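In the form predicted on its own, a lone chain appears below as structure tokens.
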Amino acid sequence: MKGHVARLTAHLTLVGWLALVWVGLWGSASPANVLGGLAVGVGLVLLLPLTSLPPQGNVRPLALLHFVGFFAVDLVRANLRVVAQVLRPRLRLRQAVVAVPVRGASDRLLTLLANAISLTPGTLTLEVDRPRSTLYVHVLDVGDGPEGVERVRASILRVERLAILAVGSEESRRGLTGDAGAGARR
């Protein structure tokens, strides 16, 4: 019984969101748009049924807030770096593709990490090598020498650590035990 109520709630929530998007796309909340959005939502839910995914982690609100805050600050810093690079065109950029081994995270966590990297100006996830748990990231400017590459790796691993703390499974959180910053876990 509980499963049916949860499934019905999920369907109704999805229909509501789809109707809201429909009304937003039309730009006015007229009765025809609301009814049309509900009809489209019900049609999509019936034609494309939800699949149940195995749980891959829990959302921890405080850790998620920390992740979002860090990501927002990182976005501002990255934007400022890119603006500086554009305004000083004589500056010679050292582009690189950096391989970053990750801790065998779930598909959901790898997707979050790859998107966070790609959304940050100056970096782009080129490939996710799932069998080797490695991300290949293009960096606009790694700076001078191998320490620049290591700085990029350390930055990406910090984002990964915060993502694991925010939405990772208990198993992936246990994998952070050997991490130097694991004492700050929530």
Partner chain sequence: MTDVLSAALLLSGVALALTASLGLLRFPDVFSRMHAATKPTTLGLLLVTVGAALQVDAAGDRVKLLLVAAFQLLTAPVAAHMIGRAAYRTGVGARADLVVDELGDAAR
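Here the structure is a predicted model, which is why all the values come from computation and not from measurement. Residue numbers count along the first chain shown, from 1. By rigid core we mean the largest C-alpha set that fits within 1.5 Å across both forms.
This protein has a second form, the form predicted together with the partner chain, left out of what is shown; the following refers to that one.
Comment: 137 to 145 is the region of 137 to 145, 154 to 162, 58 to 66, 40 to 48 lying near the partner chain in the predicted complex, near meaning a non-hydrogen atom within 4.5 Å. Although the partner is absent here, S30 lies well away from the partner chain in the predicted complex, with no heavy atom inside 4.5 Å. When the partner chain is considered in the predicted complex, L110 lies well away from it, no heavy atom lying within 4.5 Å. Heavy atoms of S133 never reach within 4.5 Å of the partner chain in the predicted complex, leaving it off the interface. For V34, no non-hydrogen atom is located within 4.5 Å of the partner chain in the predicted complex, even though that partner is not displayed.
Taking 2 Å as the criterion, L44 counts as shifted between the shown form and the other one: its C-alpha moves by at least this amount when the rigid core is aligned.
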